[in-house]
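One chain comes next, on its own, written out as structure tokens in the form predicted on its own.
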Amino acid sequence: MSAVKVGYPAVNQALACRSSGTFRLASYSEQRMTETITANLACLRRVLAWNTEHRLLFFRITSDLVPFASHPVSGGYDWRGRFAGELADIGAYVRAHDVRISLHPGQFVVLNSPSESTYASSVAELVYHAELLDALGLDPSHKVQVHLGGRHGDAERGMQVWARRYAALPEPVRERLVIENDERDASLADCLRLHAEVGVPVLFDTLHHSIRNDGETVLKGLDRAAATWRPVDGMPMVDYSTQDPARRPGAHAVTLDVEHFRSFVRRLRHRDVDVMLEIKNKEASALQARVVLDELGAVQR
């Protein structure tokens, strides 16, 4: 049977805390930064402890862990230095419990944007994400995932610009970045082209692929994406969800379709992957998924 880690993104709804606390930019002060980051890191530690207790060993940390980290307003605030001890302790906990961490910047990160200011802010945001994982002391198997981010009227040129700008990123960013297929701007085939050109690993999204594909089944698509991951990148990552029938195509389901997930895991056979559940009720569905994995004898690495 497959070796699978399963997890969920950003927020644990069972706990009375959030690791994404922030404040209005107009209210910025170093004291507000220090107080907010302190609370966010304390909550993150609680979430990780809850997750390991429930054998959920894959977690997507919120990008808001350090508010305004890539904004010019915080340029003089040394969050890495001030919180070096706390970040090191969290990273040690992650390593000791064999947890896989990922990050997913927001849609405003657009490497191929025709706007120079958007491009510059995108690079700054990616540098922050890589610095956060570095500050946690985590190796390059802990990833930052992005989308192509737009075709801007010329699909071919958009791909070329993305590839060129990816190649120009600082190495600590490149070694962590992975690109995800979606139903609008980049099919799996598009992502595989980018991999062939610059070597970026492809994170496979099952729901996006079910909407936009070139005839590949989900498992065939997963295999093609998994082949882009090197040993240093760790196990291939998969975003899993099903369609919310009440919303537009691509909208994630509110709760886990247990039978659909059971079928997906059975079809994995001996494929080893880390599965991020993009399901609205987060840890509740992750617990259901853990039960399914136990029932089917999936190995928890």
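Fair warning: this is a prediction, and the values are worked out from it, not measured in the lab. Sequential numbering from 1, following the sequence displayed.
Keep in mind that the form predicted in complex with the DNA is not shown, yet the notes after this line are about it.
Residues within 4.5 angstroms of the DNA in the predicted bound form, judged by any non-hydrogen atom, belong to 66-74 and to none of the other stretches in 230-238, 46-54, 267-275, 66-74.
Shown alone here, Gly106 lies within 4.5 Å of the DNA in the predicted bound form, counting heavy atoms only.
Within 4.5 Å of some heavy atom of the DNA in the predicted bound form lies at least one heavy atom of Ser27. In the predicted bound form, the DNA sits within 4.5 Å of a heavy atom belonging to Gly150. Although the partner is absent here, Val254 lies well away from the DNA in the predicted bound form, with no heavy atom inside 4.5 Å. Proximity to the DNA in the predicted bound form, defined as a heavy atom within 4.5 Å, singles out one entry of Ser141, Ser113, Ser187, Thr206, which is Ser113.
For the three marked residues, Ser2, Arg174 and Lys220, no heavy atom of any sits within 4.5 Å of the DNA in the predicted bound form. Shown here without the DNA, the chain has Arg247, Arg248, Ala251 in 220-251 lying with a heavy atom within 4.5 Å of that partner in the predicted bound form.
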